[in-house]
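Before any questions on binding or motion, here is one chain by itself as structure tokens, the form predicted on its own.
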Amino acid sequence: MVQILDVMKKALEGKPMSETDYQLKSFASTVQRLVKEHGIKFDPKNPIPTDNSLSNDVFKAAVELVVEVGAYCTDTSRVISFTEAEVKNALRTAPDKIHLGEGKDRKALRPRKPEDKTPPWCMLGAGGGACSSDRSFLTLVEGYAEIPETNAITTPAITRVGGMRIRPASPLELLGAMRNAVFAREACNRAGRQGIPIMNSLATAESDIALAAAVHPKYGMRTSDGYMICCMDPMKVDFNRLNKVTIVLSMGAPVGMCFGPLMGGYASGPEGTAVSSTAHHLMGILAYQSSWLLPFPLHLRYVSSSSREMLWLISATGQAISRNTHLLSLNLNYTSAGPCTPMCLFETSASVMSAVVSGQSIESTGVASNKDEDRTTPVEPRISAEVAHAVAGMKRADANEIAKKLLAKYESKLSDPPKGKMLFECWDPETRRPSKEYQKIVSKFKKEIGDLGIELRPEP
């Protein structure tokens, strides 16, 4: 079994290579060759594929990609290589369930299969989106904790401390990460969800030193939380991230690796990016010792995951992993449109449905591409969770037809989406309810999506 010391040995003694050569000559060229060899083709007429042989081909190509190109350490300019035997052993020994949370909120995260009736794990929140103040942070996290389907929280990222914008690896980042932990637990306590796990670790802690400073139990973090550590695209690591892995492993807590391959980037189109996303799952259990994985593939132009190509990519990746492994995979979706718009709700519904019927659980949601501070509310993750539960057990063929109808509602607007409104423009922190305008939008949306075949809870 590959351990963190083995990863470091490979990072120090692996094949020397420049970062550019790894990205272009090794990774990109190999992905394109494997896509052709395995005959993997994107079908724009069917955004949610139903062909099991496609998912098998994507998975086989992903295994070959990891064995051929490995991962890349930017600090040593060397390739971290893995043998096929190491990949297969890591797949065999990876956890098939993990328990997260405490008390009545402690539950098991388990793998799912395509068309699985088992309700997906719902990690709900801001997807690491930025918030400008303590008030915004507490308002958002309390709202997430009040959603009945919430299994775990993904917190926003605090951008200021004492009125000063946080600077990386500075005392401001350490203080921000500590506040992130304290405020997140306080907001969950307010909602009566004291034991709920925080699964994106600390969104404010970008550096290893900030994570190390803030994971102390004094600030409210627990070994029953999930600790998410990002990987650079494509399949690149550095000592900062491996330091975080070492810290979390020493705590005995579960490591989650998140990764956002860009469609239109090094892996090129949807076919290559599906192979890349699947390969990142394998790289995660090897290089990061990950217990769970979180892909958030993004369209290079739209910086979201709701276009026709992205729905296919999400579904193809989800099926490749869920049909061929027992890995714990949660897809994070990003919308182009912002809060208080119908488009935002239709986008998140399409990408959530694509993931859930393909065997994944969800993290939700990055709204308006997470570009602006305070441009998110508790409404979008609530809708995501309701959709996720409603489509559990749905046949892929039925979901495919619904996806086409959802795309017709927003596809033409992706290049110029409505930004929507800011948090306190459409959410009342005192009543913990959306504005009347947003309530009307949600009610109309639920009727429309119900007509398409997805029945959600009626609005109170």
Partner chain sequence: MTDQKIFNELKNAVLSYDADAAVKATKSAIQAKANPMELIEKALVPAIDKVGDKFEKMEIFLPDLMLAADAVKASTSLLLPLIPKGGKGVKATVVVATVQGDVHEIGKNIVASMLMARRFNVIDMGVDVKTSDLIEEAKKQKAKVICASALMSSTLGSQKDIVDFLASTGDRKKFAVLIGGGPTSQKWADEIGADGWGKDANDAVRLTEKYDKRK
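Numbering follows the first chain given and starts at 1. Keep in mind that what you see is a predicted model, and the values were worked out from it rather than measured.
Keep in mind the form predicted together with the partner chain is missing from the figure; the text below concerns it.
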Stretch from 266-274, 134-142, 317-325, 178-186 whose residues place a heavy atom within 4.5 Å of the partner chain in the predicted complex: 266-274
Within 4.5 Å of the partner chain in the predicted complex, all of 24, 241 and 301 (non-hydrogen atom): yes
Proximity of residue 168 to the partner chain in the predicted complex, heavy atoms at 4.5 Å: yes
Exercise: residue 157 in contact with the partner chain in the predicted complex, heavy atom 4.5 Å: yes
Partner proximity in the predicted complex: residue 451 to the partner chain, non-hydrogen atom cutoff 4.5 Å: no
The partner chain contact at residue 233 in the predicted complex, heavy atom, 4.5 Å: yes
371, 92, 104, 99 - the one with a heavy atom within 4.5 Å of the partner chain in the predicted complex: 371
Residue (of 249, 87, 174, 262) lying close to the partner chain in the predicted complex, criterion heavy atoms within 4.5 Å: 262
